[in-house]
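A single chain comes next, written as structure tokens; it is the form predicted alone.
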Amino acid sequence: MQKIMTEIERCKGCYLCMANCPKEAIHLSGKVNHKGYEYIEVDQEKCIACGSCYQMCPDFVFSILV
């Protein structure tokens, strides 16, 4: 089951989420969105839904599922 949803078109490649994830569950996708930014992907197996990415993201890329 997914814990975190991402809106990849909102991602502007600041990668604050990657830098602050305590489980290193966020990584680069190797793909670019329509804005031309390489966006992130969440490894749902590693993710503990702590909300660090949600709190750090200035572009509201993340949604936490409960």
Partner chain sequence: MKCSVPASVKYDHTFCQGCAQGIVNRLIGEIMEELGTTEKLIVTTDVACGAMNVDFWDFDTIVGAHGRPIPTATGVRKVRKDCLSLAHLGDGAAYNIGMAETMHAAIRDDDVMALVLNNCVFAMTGGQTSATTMLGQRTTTSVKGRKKSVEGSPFHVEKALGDMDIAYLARGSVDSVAAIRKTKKYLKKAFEKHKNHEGFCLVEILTPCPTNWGLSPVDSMKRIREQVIPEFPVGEFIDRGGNE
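Note that the structure is predicted; figures quoted are calculated from it, not measured. Positions refer to the first chain, counted from 1.
The same protein also exists as the form predicted together with the partner chain; that form is not shown, yet it is the one meant from here on.
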Next on the checklist: Taking the partner chain as it sits in the predicted bound form, is Q2 near enough to touch it, meaning that at least one heavy atom pair lies within 4.5 angstroms?
Outcome noted: no
Checklist entry - Closest heavy atom of C57 to the partner chain in the predicted bound form, within 4.5 Å or not? => result yes
Next on the checklist: Is C47 near the partner chain? Define near as a heavy atom within 4.5 Å, in the predicted bound form.
Outcome noted: no
Next on the checklist: Pick out the residues of 13 to 41 whose heavy atoms come within 4.5 Å of the partner chain in the predicted bound form.
Outcome noted: G13, C14, Y15, L16, A19, N20, Y37
